[in-house]
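Take a look at this one chain, the form predicted on its own, written out in structure tokens.
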């Protein structure tokens, strides 16, 4: 059974609508999937309905923006982005709804600040243009700004907007301090505990992997930070991912065994025009690990194509 537990639709920063996405999931040969849009759950109902139609198992999920904090070897506090996958939480849980709303609103505020800075050199760029290009009601972010920059002819591709031409800084890169606006996110320890209270299964997405131009991850394995996450209620690690190095995968798998954590494998699919190296089913999750997620999740029921 092929299971991909990290997939994005156009509701956040993916390229496909939910219906387009499920059609691609079916044709890819996957048997089960999770929809894990950033800080939102409103695609679940349609995904569940389409899963039934297509004979697929569907696991409701959400990727929550959080921040980890650990003390570096030099004694300096180091903060880094942590994306927390939450499977099967109750979407009507008041705490969770408030957190996701705050995170989405934070993205809007951040996008406006980005546009304000960029407009000093590119006055034709406006928030209204960015908003009009984004999917109606979707989670705004830097990819939407990138698409606006493409429409204006300022860059030729999303990749160029983030990475720049050879020898240049990308307009939207974290290293481009002229335009960059820092992200604001809650503590991963607090969010892990919240997800558990909402009946969800918290799993760290692509741990220790630099998955975007702003994910400044530790150069070392911050064991104490991971222990703190496990003590807060963490239940799993996404150890099979395109951007988790083989060396880190060994460390993470060993840690997962030590603390009896679930391990998952996923594509982190956004669409091949956005992440060309992340096709559907690139990495998959073992059936036994899926069973553990289903057994631990009490917030909302999965849509099963078969009984496990």
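What you see is a predicted model, and the numbers here were worked out from it, not measured in a lab. Numbering follows the first chain given and starts at 1.
There is also a form predicted together with adenosine monophosphate (AMP); it is not shown, and the following applies to it.
In the predicted complex, adenosine monophosphate (AMP) sits within 4.5 Å of a heavy atom of residue 158. Contact check for residue 40: no non-hydrogen atom falls within 4.5 Å of adenosine monophosphate (AMP) in the predicted complex. Taking non-hydrogen atoms only, residue 274 approaches adenosine monophosphate (AMP) to within 4.5 angstroms in the predicted complex. The closest heavy atom approach of residue 202 to adenosine monophosphate (AMP) in the predicted complex falls outside 4.5 Å. Think of it this way: in the predicted complex, adenosine monophosphate (AMP) has a heavy atom of just one of 26, 249, 270, 283 within 4.5 Å, and the residue is 270. Of the candidates 196, 110, 104, 78, 110 is the one whose heavy atoms come within 4.5 Å of adenosine monophosphate (AMP) in the predicted complex; the others do not. Partner proximity in the predicted complex, defined as non-hydrogen atoms within 4.5 angstroms of adenosine monophosphate (AMP), places exactly one of 130-138, 228-236, 95-103, 176-184 at the interface: 176-184. For the partner-free chain shown, 141, 142, 143 of 130-148 come within 4.5 angstroms of adenosine monophosphate (AMP) in the predicted complex, judged by any non-hydrogen atom.
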